[in-house]
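The chain below stands alone and is given in structure tokens; this is the form predicted alone.
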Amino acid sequence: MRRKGITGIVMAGLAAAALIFMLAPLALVVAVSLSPTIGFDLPKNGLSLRWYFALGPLDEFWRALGVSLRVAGIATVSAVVLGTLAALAIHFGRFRGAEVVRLLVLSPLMLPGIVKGIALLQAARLFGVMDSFALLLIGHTVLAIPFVMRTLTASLSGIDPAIVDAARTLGFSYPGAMLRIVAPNLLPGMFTGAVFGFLSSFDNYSISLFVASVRVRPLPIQMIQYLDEGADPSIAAISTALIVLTAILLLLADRAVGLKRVAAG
């Protein structure tokens, strides 16, 4: 019993250390964004919102934000449609090779970002697609689909495929059974998948780095360029806003379907 108690204390200490290790950089970014000085210093003489107000005149950031919102929004809608169809086909299709299809759809999560970016760029050259916005949409949609399918797989795990057959014996058509029986149970999973898909697109830079142009430049790429040009704590203010947005969306996703279920899916 004593050994178990010591083991529990050690594991709790390691977990706390890992949590601090992961959250400390975020806390430093938030602290720097509240510093009144022009350097990347911690606020020693009080807090200030100076760098948040300084974001107003930075037109290039607002243009980049608009690009990121448009790309992430369209990519998320496309990913929800395609990811939902893929999850339904795998769960209800009962066809050979369903596991291969599932792994193929999830494969973007297994590849490094730079590999996906280079692959997209090479495919674009092969097919003659040079429009940066179109390439961003394609790349970000492919990136978001696995998140949608994974969350919907978690939602579908509690639905017996035989329930559709039972509904059809009661007079429902196959589409009617899917809409009346299955669809209501998928809405929380679709919302959660949309949240993860939106965040994966909005924060992505590895794919955007290869296909963005001067006129079509997402926010992460603009932030990197701003750092290269000699940044001030305005970049920390933007980062803090993104941290808050991500935290809010993840809390909503956890309320909708539960992040533990997504991880287990």
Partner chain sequence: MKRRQFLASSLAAGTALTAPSLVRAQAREIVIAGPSAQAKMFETDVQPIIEKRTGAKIIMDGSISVKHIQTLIAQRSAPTHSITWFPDTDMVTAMGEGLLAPLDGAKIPNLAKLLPGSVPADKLWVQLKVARFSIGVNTDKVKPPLETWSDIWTDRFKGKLLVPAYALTQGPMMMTAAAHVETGKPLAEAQYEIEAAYKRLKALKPNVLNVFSASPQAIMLLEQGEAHAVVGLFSSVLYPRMRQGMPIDLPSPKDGAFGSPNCLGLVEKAPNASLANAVIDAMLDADVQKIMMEKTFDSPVRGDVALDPGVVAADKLVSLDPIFWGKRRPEFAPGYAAALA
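These numbers come from a predicted model, not from an experiment. Heads up, when I say rigid core I mean the largest set of C-alphas that superpose within 1.5 Å between the two forms. Residue numbers count along the first chain shown, from 1.
What follows is about the form predicted in complex with the partner chain, which we do not show.
> Do residue 39 and the partner chain share at least one heavy atom pair within 4.5 Å in the model of the complex?
Taking the distances in the model of the complex, the answer for residue 39 is yes, it comes within 4.5 Å of the partner chain.
> Should residue 205 be classed as touching the partner chain in the model of the complex when contacts are defined as heavy atoms within 4.5 Å?
So residue 205 counts as contacting the partner chain.
> Do residue 64 and the partner chain share at least one heavy atom pair within 4.5 Å in the model of the complex?
Because no heavy atom of residue 64 falls inside 4.5 Å of the partner chain in the model of the complex, the answer is no.
> So in the model of the complex, does any heavy atom of residue 225 sit within 4.5 Å of the partner chain?
So residue 225 counts as contacting the partner chain.
> Is any part of 49 to 83 within 4.5 angstroms of the partner chain in the model of the complex by a non-hydrogen atom, and which residues would that be?
Contacts from 49 to 83: 50, 58, 60, 70, 74, 77, 81.
> With both forms fit on the core, has residue 42 moved 2 Å or more by CA between this form and the one not shown?
True for residue 42: a C-alpha shift of 2 Å or more.
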